[in-house]
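Structure 1 and structure 2 below are two forms of the same protein chain, each written out on its own as structure tokens.
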Structure 1
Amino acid sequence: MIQLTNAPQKEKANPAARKVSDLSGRLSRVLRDLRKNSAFIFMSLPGILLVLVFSYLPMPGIIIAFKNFKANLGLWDSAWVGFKNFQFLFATDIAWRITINTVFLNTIFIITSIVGSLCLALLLNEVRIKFLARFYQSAVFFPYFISWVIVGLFGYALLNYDNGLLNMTLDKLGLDRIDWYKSPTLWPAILTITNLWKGAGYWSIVYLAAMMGISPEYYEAAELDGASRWKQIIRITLPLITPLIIINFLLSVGRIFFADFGMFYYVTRDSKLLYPTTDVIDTYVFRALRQLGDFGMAGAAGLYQSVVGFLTIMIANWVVKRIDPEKSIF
């Protein structure tokens, strides 16, 4: 729309009248934009205001990461300490381990979760019997309700060495028991499965709703052309929900340095021998600061995650923009 109105104006301007018409043109353009956009401005205002108040007003608190926070002095009067609060994160070789684990596992989670929930949504979209469709939807969605604490307890019932369900089964099959909680190499897979199980239903409902929004006319037309169901999925369904997939992808990438603490803490039962593959930034910070309870150092860790996440999302957005400017989010 904007380009359409702008283009003729530029063409019209002759060198003599350029200055005057430029100024008045810009002014009238701004006015027109405002008037034209007034409805949108008012529509977005309540939301934006809430965000400004609840998210941006406390934002200056980020400086806590650079302060030796003393509760009685408050945020502003506590002493500045520069980057001292960040030291504990980087001083030992643990910094590498936790960063690599966090990024590696989150990358796997993002990919498996998008692929898994998309497949699930496509399957759900094919069900023609209403009653069954509803049943499946509920079933896949339910794990989302169960908190990580409970998931962790199940995991223990399933995996513990002495009388876990899996080891009992291995026994019956005449196989050797596995020391699950002491075998770090198995855990990226276990965590991926757990993550998929708990979250795939949630995401597939998002995709499913998007598929529901696709006009049936597209499919009817395709059917008349004799396109197979598979072709319809590739040609119609997937392209039409791509924007949603990209948004999901971009936002997940932004959180790639944040780990789901509940999952890493409860599902691994905080087993120390699994740390080589399961220790992530959030669990390390929790462990290191458990006794110090230092707001400044915790803030420093959070800021580190945010800044790197911010850079990642900017890069990812830039890449998307290069491929298809329409689909970038900002």
Structure 2
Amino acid sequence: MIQLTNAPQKEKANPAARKVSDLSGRLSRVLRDLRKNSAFIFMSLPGILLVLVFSYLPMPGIIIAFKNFKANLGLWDSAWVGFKNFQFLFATDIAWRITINTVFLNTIFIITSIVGSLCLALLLNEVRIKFLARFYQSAVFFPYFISWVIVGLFGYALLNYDNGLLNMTLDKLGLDRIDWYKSPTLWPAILTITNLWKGAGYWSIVYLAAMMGISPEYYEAAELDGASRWKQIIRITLPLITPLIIINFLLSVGRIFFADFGMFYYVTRDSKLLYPTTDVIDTYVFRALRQLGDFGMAGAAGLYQSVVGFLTIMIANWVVKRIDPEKSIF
């Protein structure tokens, strides 16, 4: 009886020993997991370092959005101005115009990219000859590696008023020439086509890889049941790659306030006449830095993009989680 009554008291008297044992047990499990997954951790190191250097180390620079930055004073000694940079950014109608342009064009890009790349992946998945399949995959993937500077030159060769290919074709057909670089209403469609041409091949390969990972047994069973190829796509292929589509959508929504600077600057040739429909937050900030040297306002715009983009992806993920929790990112 004495031993039985003393045992709990002994355990209560040594809570620190239990904590140390629990900590050592957790540490041993962590080390065991690290040894088990060491190859995968080593493979992920370049990506981790890239994110660390370009995403986390510059974070103290957020403070520049709240200061009147002067290069000779440095980041910490420059005068604190609070939210004046944000007030200056949104004081004119330009801020609302570039925000609407950014969101509107990125929304079109997201929808057309997902639909276009999916259709392209489904077509590539139907090619049964290996040589042709590899050729088509390389052909649609190649534009992804072309610089926006080169794409801008291609676009100018097509759209130039004097000797552009499209205007020369219109002349041959007896139609009036179009001054593309002075017609802002046409450029949302032009940029959408350009973005689709350059980026759809990349995501089509991603979707194609997911399709190739689907077990052939599903299609064999569907064929035995008399399902056509179209029904197999609707009932098997698309539902099984839906999680990947949703992840792509959520990641794209998270950057809906970030425009592709290269496309909007080089393809439009930074034409002032096109600003009503093509001027976005990134190009506006670039001009502010180049012409005014206002680092504080540029920092405020960048922080505004990041915060609103974070809230957007959180809301989109919440909506997806409400519909189907298994398809959300977190």
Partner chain sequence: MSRNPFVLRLVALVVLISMILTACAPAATPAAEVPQAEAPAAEATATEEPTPVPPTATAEPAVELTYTYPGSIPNDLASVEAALSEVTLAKFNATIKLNPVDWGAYTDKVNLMVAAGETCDVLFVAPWMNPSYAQLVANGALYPLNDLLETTPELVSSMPAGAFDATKIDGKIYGVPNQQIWSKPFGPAVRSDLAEKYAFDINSITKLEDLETFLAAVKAGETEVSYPAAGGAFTNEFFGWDPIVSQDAGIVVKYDDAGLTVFNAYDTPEFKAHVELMRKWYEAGYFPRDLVPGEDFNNVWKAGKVGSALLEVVKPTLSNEWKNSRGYDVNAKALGPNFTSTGSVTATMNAVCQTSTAPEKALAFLSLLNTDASFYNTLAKGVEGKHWVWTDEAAKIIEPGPEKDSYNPGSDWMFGNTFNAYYSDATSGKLQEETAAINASAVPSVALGFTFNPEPVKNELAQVTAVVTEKGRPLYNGEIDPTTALPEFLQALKDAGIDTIIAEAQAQLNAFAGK
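Here, residue number means position along structure 1's sequence, counting from 1. Whichever C-alpha set is largest while still superposing within 1.5 Å between the two forms counts as the rigid core. Here the structure is a predicted model, which means the values were calculated and not measured.
As summarised for this chain, the first structure is the form predicted together with its partner chain, and the second is not. The rigid-core alignment places the CA of residue 74 2 Å or more apart between structure 1 and structure 2. Once the rigid core is matched between structure 1 and structure 2, the CA atom of residue 56 is found 3.5 Å away.
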